[in-house]
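Coming up is one lone chain in structure tokens, specifically the form predicted alone.
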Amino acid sequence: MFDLPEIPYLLTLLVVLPLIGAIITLFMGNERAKYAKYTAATMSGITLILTFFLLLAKNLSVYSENYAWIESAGLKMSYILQIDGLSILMVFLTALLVFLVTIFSSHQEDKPNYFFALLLAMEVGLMGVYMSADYFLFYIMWEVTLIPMYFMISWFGGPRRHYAAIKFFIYTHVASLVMLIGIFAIAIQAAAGGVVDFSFAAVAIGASAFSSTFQIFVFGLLFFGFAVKMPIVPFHTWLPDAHTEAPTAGSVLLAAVMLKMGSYGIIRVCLEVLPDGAVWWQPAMVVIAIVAILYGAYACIAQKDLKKMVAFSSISHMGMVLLGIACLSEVGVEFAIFLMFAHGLITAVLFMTCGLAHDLFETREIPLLGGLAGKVPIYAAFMMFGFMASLGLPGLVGFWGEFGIIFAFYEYSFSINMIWLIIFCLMSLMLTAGYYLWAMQRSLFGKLTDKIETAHLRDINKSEAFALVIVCGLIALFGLWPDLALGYISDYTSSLVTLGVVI
């Protein structure tokens, strides 16, 4: 796009800078703790600036790093980082949101050095997951993301934080162990008696000899490991608990970028390496996706807690992402990736406003809220914007992701002579509009309840407004000009067509 200078070791810097920041911040105890937020903001801000060199690069393939890590008889593991159209937007989103939640949480007073160190540690793992091109490195970084999120919930969460943290860790860790078995299987099978090389490139070469039976079995293992992270029904129950108890910054990163690790893994590993397995599992993926979409939407209607409602909406929207992937078409995968990015931006706004509800009004219970638009108009405007974006209002980024996936699913259902399946997508759209409009009407409009102390009620402050304005601006920008994101994604999905992975 632009002829910018190539920065040496740029991808490594995106991992190392947050790591250095986390270490420095961690040891800023006692009187220095109040400066932890400045260190975190500086390191995450520099990381964000570096991602713009990737976004504006003419050719992403020039940013590739490969160093031998473990190379012994019969085994090879490497430190390989790469970037492409599948990962670039998630790398940018991670850098952006870590920086913004650092600004948003600048008022953090309880152990701020630990709090901001955990945010930066999460960025290390997330960057590693989205840039790894070696399966063992990918798994290590996957596990790295779990530890800081566990402590974020357990140390800084709500009343049931310990239960939620343990449940989050058990579900996701067990799923990742199943995923590890699948990774070992494809690496060993690809080696075919030679050196077991865990690099993506080596496995891709050996994958051409995988039998259909092997692909079907291993696809099931990997799909389970990735899908629990999305999460799929019935292994979703960890998500509402984790979101409800996590602090706002933790909820934002969990919903916006950590859930996307699951769908990213399905595309990166399951589709690229096991295409025959994907075809065999396609009907099951479609059914699972439809169940997740409808169950998540129905569950939202029954929720009284704003945060829990948004958590269940994430289950529904990630079901929509899985539906796009399950179509196994270029359009379906392209808009599934787009919706991953769009949902990340939208949930950032939603969880920021839900977290502010507790800070400003000391409750997130929808029945206890009401008439807030007249008292806190700026807060109400941001909440309305987030709700409208999430329900798919045209002109905002969520619309294009859902529209493209529904179009791809229409083509799929038509091809199998089951066009009536599109009804489930339309039902989900109506339910989504219903629970968001109902929640908005009860919390922002109507009569002001006597459950909220209005004497000292404040609207959002400057740091909170800064973070929300940036994300809302991007939601509008990509909503009006979706090709800004699709331009990166289409290059990747075109390569899947060339490889015969999708049609």
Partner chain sequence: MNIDPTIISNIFGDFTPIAPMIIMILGALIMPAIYLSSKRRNLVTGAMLAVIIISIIINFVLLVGEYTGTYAELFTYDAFSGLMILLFQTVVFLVALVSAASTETTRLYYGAYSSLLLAATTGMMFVATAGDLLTIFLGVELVSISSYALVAMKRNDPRAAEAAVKYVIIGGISTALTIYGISMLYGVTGTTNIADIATVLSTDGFSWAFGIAMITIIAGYGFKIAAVPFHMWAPDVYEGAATPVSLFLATGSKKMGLVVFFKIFLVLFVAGSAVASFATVEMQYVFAIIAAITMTVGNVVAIAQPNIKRMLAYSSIAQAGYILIVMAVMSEYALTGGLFHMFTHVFMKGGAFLIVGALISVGIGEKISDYRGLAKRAPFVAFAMLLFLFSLAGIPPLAGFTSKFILFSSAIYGDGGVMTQWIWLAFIAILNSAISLYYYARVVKAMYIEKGETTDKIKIPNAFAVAIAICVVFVIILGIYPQLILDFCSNAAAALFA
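Because the structure is a prediction, the values reported are computed rather than measured. Numbering follows the first chain given and starts at 1.
Form predicted in complex with the partner chain: not shown, discussed below.
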Tell me, yes or no, whether P234 is in contact with the partner chain in the model of the complex, where a contact means a heavy atom of each within 4.5 Å. no
For H162, is any heavy atom within 4.5 Å of the partner chain in the model of the complex, or not? yes
So in the model of the complex, is the partner chain close enough to P394 to count as touching (4.5 Å, heavy atoms)? no
Quick one: is Y150 in contact with the partner chain in the model of the complex, heavy atoms, 4.5 Å cut-off? yes
Please name which of the stretches 152-160, 428-436, 83-91, 295-303 has residues with heavy atoms lying within 4.5 Å of the partner chain in the model of the complex. 152-160
Under a 4.5 angstroms heavy atom criterion, identify the one residue in I140, L421, I416, V291 near the partner chain in the model of the complex. I140
Identify which of Y379, F312, F409, F198 has a heavy atom within 4.5 Å of the partner chain in the model of the complex; exactly one of them does. F198
Flag this candidate site as yes only if M77, L180 and L221 all have a heavy atom within 4.5 Å of the partner chain in the model of the complex; otherwise mark no. yes
Go through 474-495 residue by residue and record those having a heavy atom within 4.5 Å of the partner chain in the model of the complex; state none if no residue qualifies. none
